[in-house]
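The data below hold one chain only, encoded as structure tokens and taken in the form predicted on its own.
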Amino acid sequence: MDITIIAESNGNELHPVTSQLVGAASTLGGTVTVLCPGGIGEKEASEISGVAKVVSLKGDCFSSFDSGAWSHVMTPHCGDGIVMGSSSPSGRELAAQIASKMGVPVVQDLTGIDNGLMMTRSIYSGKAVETSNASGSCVITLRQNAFEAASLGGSAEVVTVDSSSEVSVAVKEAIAKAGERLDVSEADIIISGGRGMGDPANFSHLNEVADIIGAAVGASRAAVDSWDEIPHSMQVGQTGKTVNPSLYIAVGISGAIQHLAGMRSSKYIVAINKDPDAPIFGVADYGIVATWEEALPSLRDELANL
């Protein structure tokens, strides 16, 4: 069972209720992913025991709370199982929006839950207890301090997805983060394009970036199969070349299984794709939701200034 937890923040810090949500999730026995709106608390969330992955969601919309805008960005990252949040006013509002977009039920303000998805909550000002059962996907919110918090000691991977309308901001942060993770003495860098590049002539933009950073230019199978101008020798994937660079930049590549098989062991992966649901974001360390026309000029300019 997939369990997606919506982290609750308090100012610029992770709210303690997030650990309580993880604690409640651990009793259900599923794989826990934590979504951090605005990236707030991503490090702290990754250190909570029981968390398998943290998705740090960056974007202009997270500068202030707007459940409609937040749910639009967050819903594609919610799994098919249970989505869990806090029953704070903003948490309940966001849960309802996400449930509506997913087309699944929402149950608010729970005080108890077991691994059979039997749920309880107080009603009529605490004069009665309602019991309900869920089967399949659903969105739930849990009352603060009703569940035991999970302990620290985790070391979950942190994946960043940036939906900023100002693409240059996302590119700068991606480069800064890559610089923190990579050994500068390593020159094994690959920038690959997919069918999302639109035309083989547009690979010239990848070559420009590659010339600046001393990278090799690769391609997805879809690009190789679509255009005679893109030779098979450039193909990265299960039926092409398996690579293991320090930095892999995927541009306009959706992330088919055969392509992921050839590059997912890269030390650091940056993905640029206009589709927020693209599978490539599932393995990327940093994802930028944008077209290549928006992102590559900023990427080229920023790299040229390093």
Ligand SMILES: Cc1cc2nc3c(=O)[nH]c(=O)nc-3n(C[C@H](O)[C@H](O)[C@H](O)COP(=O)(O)OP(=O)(O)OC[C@H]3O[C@@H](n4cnc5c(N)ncnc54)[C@H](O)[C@@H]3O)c2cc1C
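We call the rigid core whatever largest set of C-alpha positions still superposes within 1.5 Å between the two forms. Just so it is clear, the structure is predicted and the values come from calculations on it, not from any experiment. Numbering starts at 1 and runs along the sequence shown.
The form predicted in complex with this ligand is left out here; the points below concern that form.
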property	result
The single option of Gly240, Pro37, Gly30, Gly50 touching this ligand in the model of the complex, heavy atom within 4.5 Å	Gly240
Candidate from Ala24, Ala290, Leu14, Val283 lying within 4.5 Å of this ligand in the model of the complex - any heavy atom	Ala290
Ala156, heavy atom within 4.5 angstroms of this ligand in the model of the complex	no
4.5 Å heavy atom contact, Gly255 to this ligand in the model of the complex	yes
Any non-hydrogen atom of Val73 within 4.5 angstroms of this ligand in the model of the complex	no
4.5 Å heavy atom contact, Ala222 to this ligand in the model of the complex	yes
This ligand in the model of the complex: contacting segment from 258-266, 64-72, 38-46, 51-59, heavy atom within 4.5 Å	258-266
This ligand in the model of the complex: contacted by all of Lys172, Leu206 and Val270, heavy atom 4.5 Å	no
Residues in 61-88 close to this ligand in the model of the complex, defined by a heavy atom within 4.5 Å, in order	none
Large Cα move at Glu157 between the shown form and the other one, threshold 2 Å, rigid core	no
Large Cα shift (2 Å or above) at Cys61 between the shown form and the other one, core-fitted	no
Displaced residue check between the shown form and the other one: Phe147, CA, 2 Å or over, core reference	no
